[in-house]
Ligand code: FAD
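Before any questions on how it binds or moves, here is one chain, the form predicted on its own, in structure tokens.
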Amino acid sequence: MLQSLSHHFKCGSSFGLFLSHSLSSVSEEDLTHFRSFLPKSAVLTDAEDLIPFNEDWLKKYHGNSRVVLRPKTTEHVSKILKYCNERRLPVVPQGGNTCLVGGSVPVKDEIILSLNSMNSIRSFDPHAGVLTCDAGCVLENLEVFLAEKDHIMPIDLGAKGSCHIGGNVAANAGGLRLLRYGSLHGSLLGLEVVLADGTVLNEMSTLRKDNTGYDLKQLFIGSEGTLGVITGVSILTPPKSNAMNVVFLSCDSYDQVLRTLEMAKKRLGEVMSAFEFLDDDALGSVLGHMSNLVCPVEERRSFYVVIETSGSNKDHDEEKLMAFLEEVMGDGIIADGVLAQSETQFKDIWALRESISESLNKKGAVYKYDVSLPQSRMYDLVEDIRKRVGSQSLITCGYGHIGDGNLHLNVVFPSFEKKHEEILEPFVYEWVSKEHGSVSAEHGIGYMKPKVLHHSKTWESIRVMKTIKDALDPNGILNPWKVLPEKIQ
């Protein structure tokens, strides 16, 4: 093994090209084997049934898988992978299929391993706030379960009604609450993972402190199903706040957005749980799509900010919030603002932010770029792209988690075409690289970004990633053609 790892670390061979000549296609004999231990409803082969599994949410990536397997237990997953590894059958693990970078659909005819039947909550410890569950649990369902226990999930995503917690972990999803609760690298206490050869790696710790050797679970957070299939999750959940507020503010310039953020960090500090921004094009898209929503402020402006606070004392939090609002309005930093006065207003304000992606998707082909940048430079990228695409795009807008430096750049064209992609790429990635940013803040690499991974990672780091991949998945059956580039320098 040591000789093998050393060899792979030094050679930098073409991983993707090797895969394309060594993997097998599923046969009738294989299907018979799967049906021998899986329920009849767990093996899907009808072409019509396969359509939603073979295409992504954006309708940008399409695969040609001829079978979807829906295991109900970790043992099922283990048997599937053991067999596939022996037969060198490629497998794409799939959760809610909300991935935005082509990571959850086949590139060719890989077997789709859907976790949507593994959706049980295993346990909840109210004293420690630790939830253990299957990887196929829908995020919103976990939220509903925890609400009854006076707890919340540490992540909150626009796709929470369909995304799975296992997929969230596999992609290291960030979302709206990262500013307050940090990334999943801190919230995840343990994982249950099935390796490529069928080995079940039980790392389902519920301890907050466990300093015994390598923290193996960290390898699989953000690995996008290329190192193992996550089947179980142990996660620390925060107590539900007694007092929550949300405000919607308007600004005339991006500089005022930054000044608002600076002031919010100083004045709201420990009670601020989210700080989001969106430009007027993004808001206009939502208002045109959601007839039940209206602009909260009287006059449309260039930029808007959504701030959420959550704490334990309603009077204390509102006092801090009102003092902050008086200061930013008195100094002319914001043009106008609205504080939600009811649960309905609270939800409507958040809907304006969370419905942007859906509204843009209804307008045309959306090229989405999820990047991390210094906060002072985030919107410069949007403006430079607007100049570059001109009138060719239907909409070019920017929004995102400015509190943690995460920009969502969206460019909408009438259709997905090579000529449109060539306008944007590699320009966007080179621009981000020059600013020492990241080409993926929270959506992952998937099939979309392996060729630009070097803009954020050194080739030395990429070679180490390949070494780990080769060690855990030597036959390359797990989510092939994803994350790592085909050619490594």
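Because the structure is a prediction, the values reported are computed rather than measured. The numbering used is simple: start at 1 and walk along the sequence shown.
Below, we refer to the form predicted in complex with flavin-adenine dinucleotide, which is not included among the displayed structures.
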Name the stretch: of 305-313, 283-291, 334-342, 152-160, exactly one has residues whose heavy atoms fall within 4.5 Å of flavin-adenine dinucleotide in the predicted complex.
152-160
Should Ala170 be classed as touching flavin-adenine dinucleotide in the predicted complex when contacts are defined as heavy atoms within 4.5 Å?
yes
Contact flag, Phe427 vs flavin-adenine dinucleotide in the predicted complex, heavy atom cut 4.5 Å:
no
Can you check whether Asp317 is within 4.5 Å of flavin-adenine dinucleotide in the predicted complex, heavy atom basis?
no
Might Pro296 be said to contact flavin-adenine dinucleotide in the predicted complex, defining contact as any heavy atom within 4.5 Å?
no
With flavin-adenine dinucleotide left out of view, which of Asn85, Thr396, Asn245, Asn97 would have a heavy atom within 4.5 Å of it in the predicted complex?
Asn97
Relative to flavin-adenine dinucleotide in the predicted complex, which residues of 357-390 have a heavy atom no more than 4.5 Å away?
Ser357
